[in-house]
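One chain comes next, on its own, written as structure tokens: the form predicted on its own.
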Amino acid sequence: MKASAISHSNIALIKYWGRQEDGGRGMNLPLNDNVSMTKEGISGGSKLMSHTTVEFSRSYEMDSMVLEGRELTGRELERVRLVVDPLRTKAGVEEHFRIGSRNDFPTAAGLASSAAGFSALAIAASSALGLDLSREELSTWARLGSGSAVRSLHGGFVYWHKGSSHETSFAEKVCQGAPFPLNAVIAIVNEGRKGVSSDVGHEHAHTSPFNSIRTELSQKEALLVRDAILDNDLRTVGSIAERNSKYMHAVMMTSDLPLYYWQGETLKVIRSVHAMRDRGLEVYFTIDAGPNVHCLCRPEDALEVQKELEGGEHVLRTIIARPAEDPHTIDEHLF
């Protein structure tokens, strides 16, 4: 009972921040529908990919997982069990697991490493257990480990229905990417781990006076962005994604656990995006829970955007990403 899978990270165009009260910490039910692009790196030496191997065996005396060479304990291992235990129960398996996982991009730096990791975990675990589940159902189990992982169960552009229960909060594919040609030029300004994880930050979103209006606007904007993707309307997608990103960070900064993920270098990248747009280059920014900036543009403009970003000393490096294919199992195991 052993399987491996790879999955890619995603960038939210309409953000997920904060959880429904009745969903609690356990189910990660979002406050609003959200939209994302699952992304594959095509430059910078990174595919923005997680590779995970899961094995169940009677020879294991306890559950264990190693991430990037580090043994997980406490809350980190418990998040893994939140995904694996329901699948283990569904398969009628009692054996303990051993898991190995690694990313080819910075972990916990606001680049959705947990989304890629928990998506790969759900696929590998279900395969190792011999379960035949739809992507939509698998997305509900991946969600238990990391909310944003629900979106990485599909490639391309993805819509996450907030739902009101475990079964109704799932992700579905909007399109693979061909109807809406888009690249994200990622400006890496800091590759270090964040001081406060998104998992903790979600718990405090409700304490911001701006969260209710963020939720209301995001629900409306999710539908607008989905339609704009299918209409190949970059201006609408980009301008709303940029605005929605600022909503989320305003909530983070004004919660009772204030989170200032932006750094001085982040603001310099934002100003660069504004300057490029003033010159007629259609490019927009969005920022997840970290300091690094995704600059959205047409594929034919990606190299020009990359050159502009790399011209500043505040950018460590860049990665150009395109819509990724669906995650899948592979024969190469990590142990």
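For clarity, every value in this text was computed on a predicted model and none was experimentally measured. Just count from 1 along the sequence shown to find any residue number.
Unshown form predicted in complex with another copy of the chain; subsequent notes refer to it.
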Report summary line: In contact with another copy of the chain in the predicted complex (heavy atoms, 4.5 Å), from 40-48, 59-67, 271-279, 297-305, is stretch 271-279
Query raised in the report: another copy of the chain in the predicted complex: within 4.5 Å of a heavy atom of each of 213, 260 and 285?
Result: yes
Query - residue 190 within 4.5 Å of another copy of the chain in the predicted complex, heavy atoms - result: no
Query raised in the report: Does another copy of the chain get within 4.5 angstroms of any non-hydrogen atom of residue 264 in the predicted complex?
Result: yes
Query raised in the report: Would residue 72 show up as a contact with another copy of the chain in the predicted complex if we use heavy atoms at 4.5 Å?
Result: no
Requested in this report: Answer for residue 209 alone: is it within 4.5 Å of another copy of the chain in the predicted complex, judged on heavy atom distances?
Outcome: yes
Query raised in the report: Which one, 175, 250, 133, 77, lies within 4.5 Å of another copy of the chain in the predicted complex by heavy atoms?
Result: 250
Report task. Note which of 254, 219, 197, 239 lies within 4.5 Å of another copy of the chain in the predicted complex, where distance is taken over heavy atoms; exactly one does. Result -> 254
